[in-house]
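Just one chain is shown here, as structure tokens, and it is the form predicted on its own.
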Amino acid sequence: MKDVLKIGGILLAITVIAAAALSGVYSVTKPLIEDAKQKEQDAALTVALAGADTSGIYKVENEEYVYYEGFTERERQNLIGYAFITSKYGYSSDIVTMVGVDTAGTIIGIKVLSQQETPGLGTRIAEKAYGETKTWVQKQFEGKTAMGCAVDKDGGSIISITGATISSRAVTNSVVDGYKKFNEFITKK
């Protein structure tokens, strides 16, 4: 009986030490992770609202919705458009995308913020060719009407990635659904 209590006590001590160490690591890394996510989101805003002054992008939030307004000048003059974050489940993960549209609903730019799709297939939605500044997927959306986007397999003009139609469709549908939600909110305002 003493051996069982001794082993139980040792396991309890190891568990408490491991939990404390994990908690310590989490408290140190959490602000670093949040800072990295914020920097990535800021970079995505410059892609989604290309042409906006980096100091002329403002976050607009209330209880219902969060979006961004982009201006050519810091003083909120010359509205370029709006950006919002949208997501849709792809083949194996949520694909989170930043989308920028002008005031008429034409896509200025998009950027995939996060995804965990199949390496070599679905991950190609976020890959850039060597020497390119934008992904192939990003380029396809620019200049298109947000409401009119669809992948080629559904009769649209967005060419889906071979072997990753689900991921391509998820990005496309998230852009359309995200714009619908944004448009409903903005017209109620």
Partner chain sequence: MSAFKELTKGIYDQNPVFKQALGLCPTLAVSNSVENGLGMGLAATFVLVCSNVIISLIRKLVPAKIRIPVYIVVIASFVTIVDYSMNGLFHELHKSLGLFIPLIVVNCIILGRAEAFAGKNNIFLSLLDGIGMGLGFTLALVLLGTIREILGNGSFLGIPVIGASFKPVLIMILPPGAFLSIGFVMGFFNWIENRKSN
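Positions refer to the first chain, counted from 1. All figures in this text were calculated on a predicted structure; none of them were measured in a lab.
Heads up, the form predicted in complex with its partner chain isn't pictured, but that's what we're talking about next.
Remark: of stretches 45-53, 132-140, 63-71, 31-39, the one touching its partner chain in the predicted bound form is 31-39 (heavy atom within 4.5 Å). Taking the partner from elsewhere, Ile80 is found to have every heavy atom lying beyond 4.5 Å of its partner chain in the predicted bound form. Though the partner is left out of this view, Asp3 does reach within 4.5 Å of its partner chain in the predicted bound form, counting heavy atoms only. Although the partner is absent from this view, Ile159 stays clear of its partner chain in the predicted bound form, with no non-hydrogen atom inside 4.5 angstroms. Interface membership of Leu113, defined by any non-hydrogen atom within 4.5 Å of its partner chain in the predicted bound form, is confirmed. Within 4.5 angstroms of its partner chain in the predicted bound form, the stretch 2-23 places a non-hydrogen atom from each of Asp3, Ile7, Ile10, Leu11, Ile14, Thr15, Ala18, Leu22, taken in sequence order.
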